[in-house]
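Here are two versions of the same chain, shown separately as structure tokens and labelled structure 1 and structure 2.
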Structure 1
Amino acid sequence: MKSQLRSIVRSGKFMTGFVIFVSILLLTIIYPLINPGDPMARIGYDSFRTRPGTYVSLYDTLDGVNTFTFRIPGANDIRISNKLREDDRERIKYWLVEYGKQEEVAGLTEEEIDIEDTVALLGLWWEFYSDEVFVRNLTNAERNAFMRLDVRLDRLFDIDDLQVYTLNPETGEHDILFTEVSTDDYINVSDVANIIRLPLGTDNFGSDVLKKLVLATATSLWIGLVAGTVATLIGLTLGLLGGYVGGIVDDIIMFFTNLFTVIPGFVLLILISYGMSQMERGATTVAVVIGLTSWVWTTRSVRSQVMSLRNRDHVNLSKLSGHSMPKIIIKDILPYIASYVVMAFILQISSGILAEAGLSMLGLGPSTTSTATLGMMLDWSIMKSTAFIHGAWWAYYPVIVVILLISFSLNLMNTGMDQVFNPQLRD
């Protein structure tokens, strides 16, 4: 046993998967301590508009915070470049290319116009664009849109000091100068009272995606653990009984095993979940249902292993010694298949997490507003809120990455153990 444990520790695949899995597990434990609070709380009110980043209170930056004057070279160019949106750049390029084709202007081609070069792009726009220029391939709606774009571009360079006025209690009008903000005014962020960091922005509910992702990961790991435990216990018990006892007991067990094999497990899982009300579909309940529908392959595999062991010399010796069947199974058979059971348990955890994700994508996963799962986050962001249409990649890509990492790490651990315990795979 010690030599096998040393072999497992020396296995690069097992240790890689183990480190990834433990890192994810530690994240679900440590992050809530560093960043406490309700992960489901709604902190943002703009659906999918809160991109990943650090946010400071605008009110606090204006109210009594010391300002410092810096004249940074190129600050205005950076400001303009940042305000010129990606879609505006594409539209400018589209107009220039169409105009270049019509008038046969050199330099106005798809390959020669660089939308990332703000100065050059705007230079070409102001050199060639005019409300009086008629481009044949454009509709009237597109021409009006380009006119509005031109007005908005002119406003980018109309940069004046900002003046903030407050209400005059005597006149009831905003005529009291509160503060004046220049383009050269800067503040120290550490002086701002309220700062919030959102590494993954907010989702369609306005919740912190990272905080919710950590909660969802912990819940999904719990679902995988419960589902894997239920499936492994059922499969191990039936496999041990069928493989060792044989006869009518084995026939009955194999009858139900074959029956469940014919019916696809995920289809059965969908039918059971659909038959349950939303109030009944808690995370633990769904995990148990997943376990009850995924024990078949464990049963068949354990049974075949036990059938090859039940007539071994040490087992026959225990029989002749008058040992009871439970004692023989526990002491003489189970230790020889313990490594296989552990590998089956690892795969059942991974299967349980993936099953929950698939079930939630169909709207049949856990129904709760107090917690989240990885599958529910995918369902909320992709199926119900079409985050990809809004370009809100942070609402679903991290979830997919976490699911892949968990599945990859568990399968890597299983492969590493298989290479240690399976003689046919040893180097």
Structure 2
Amino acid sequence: MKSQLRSIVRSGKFMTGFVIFVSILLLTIIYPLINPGDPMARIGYDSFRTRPGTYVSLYDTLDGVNTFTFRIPGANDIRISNKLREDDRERIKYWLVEYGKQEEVAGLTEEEIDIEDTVALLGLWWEFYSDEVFVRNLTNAERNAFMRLDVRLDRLFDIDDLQVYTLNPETGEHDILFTEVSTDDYINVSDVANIIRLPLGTDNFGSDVLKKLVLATATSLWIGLVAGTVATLIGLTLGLLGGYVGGIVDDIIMFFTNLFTVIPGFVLLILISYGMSQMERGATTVAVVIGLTSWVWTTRSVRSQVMSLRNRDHVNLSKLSGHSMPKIIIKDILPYIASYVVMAFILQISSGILAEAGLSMLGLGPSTTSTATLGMMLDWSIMKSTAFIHGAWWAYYPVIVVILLISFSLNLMNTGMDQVFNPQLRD
């Protein structure tokens, strides 16, 4: 037993899976402690308008913060080249290439335009673009888009100094706070009193995705644990009883097991979930329902293993030594199948989490507004509010990655254990 535990710990596959799983588990425990607050609170705009990033309070940048002026030559060029987005550069190039094909102007072929060189790119744009020029290959919509782009590019160079006023509540007049804010004035970000960090932006409800993701991971792990425990307990008990006692008890157990085998578990799950009222469908209830529909394979495999064990000589010897049936089952049968049961349990946790995700994506998962699950997050972002169309990758990619990591780590642990306990698979 000890040597087996040691070889599990030495197994690279098991330890990799274990480390990933424990890291996820620790994250769900530690993150809420260092970043407290209600994960479900709606802090931002709806519909994915808050991209991932660090948000600096505009007010605090102007109010009471030292400004620094750096005399860097071309500071304005840096600003403009950073402001000019990648897709705008691509579009400028597109227009220039189409124009170049039409007018045969030297320097406007695809290879010669460098979109990284902001000065040259904008120079070409202003040299050739005008809304009167008619480029044949463009659609009307594209022509309009290029007109809007031209206006936007002009605005990049509006570097009139700003003046900032504050309202004096006593006199009702505006006092000048800053006489001018120039484009080469800087502040130190750490001086700003109010910064919000949203590493994964906000979702369609305007909640912090990272906070919600951590909560959802914890809930999903809980669902997996409950579903796995329920399924394994039922499966183990029925399998042990059916396999060891045999006879009519076995026949009755196998009747129900076969019944549940031929009915697809997921269909049963959908029907039960649909049959429950909205108010009853909490996370734990859904987990129990998942567990109640997925015990079948554990029962079958435990039963067949017990059947081959019960006629072994060591069981006969134990009987001859006068041990009672419960004692024989616990001491002479259970240890022999324990490794298998632990492995089945790990897979049940993994499949429980996946089943919840599947149910939730169909809209039949936990019905609650007080917590989130991984499946519900996918449902909200993909099914209900089309994060795809908004390009809001941060609302669903991290969720998919977490589901993937959990199920990957659990399966890796299972494979690692299998290699230890199943001598045929040993390296």
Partner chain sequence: MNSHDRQLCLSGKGVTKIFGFGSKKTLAVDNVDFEFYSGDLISIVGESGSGKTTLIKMLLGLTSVTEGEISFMGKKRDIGSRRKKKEYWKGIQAIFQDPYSSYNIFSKIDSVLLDCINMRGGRLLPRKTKIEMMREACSFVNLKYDEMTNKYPFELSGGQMQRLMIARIFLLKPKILLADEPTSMIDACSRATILDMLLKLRDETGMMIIFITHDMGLAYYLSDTVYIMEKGKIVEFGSADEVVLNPKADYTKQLLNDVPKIHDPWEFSKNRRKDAQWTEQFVV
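For the two forms, the rigid core is made up of the largest set of C-alpha atoms that agree within 1.5 Å on superposition. For residue numbers, the reference is structure 1: its sequence is counted from 1. The structure displayed is predicted, hence computed values, not measured ones.
Each of the two structures shows the same chain on its own, and it is structure 2 that derives from the form predicted together with its partner chain. The Cα shift for A357 between structure 1 and structure 2, taken after rigid core superposition, is smaller than 2 angstroms.
When two forms of a protein are overlaid on their rigid core, residues whose CA moves 2 Å or more are considered shifted, and V119 is one of them between structure 1 and structure 2. After superposing the rigid core, the Cα of F128 is displaced by 2 Å or more between structure 1 and structure 2. Comparison between structure 1 and structure 2 places the CA of E170 9.1 angstrom away from its other position, after core fitting.
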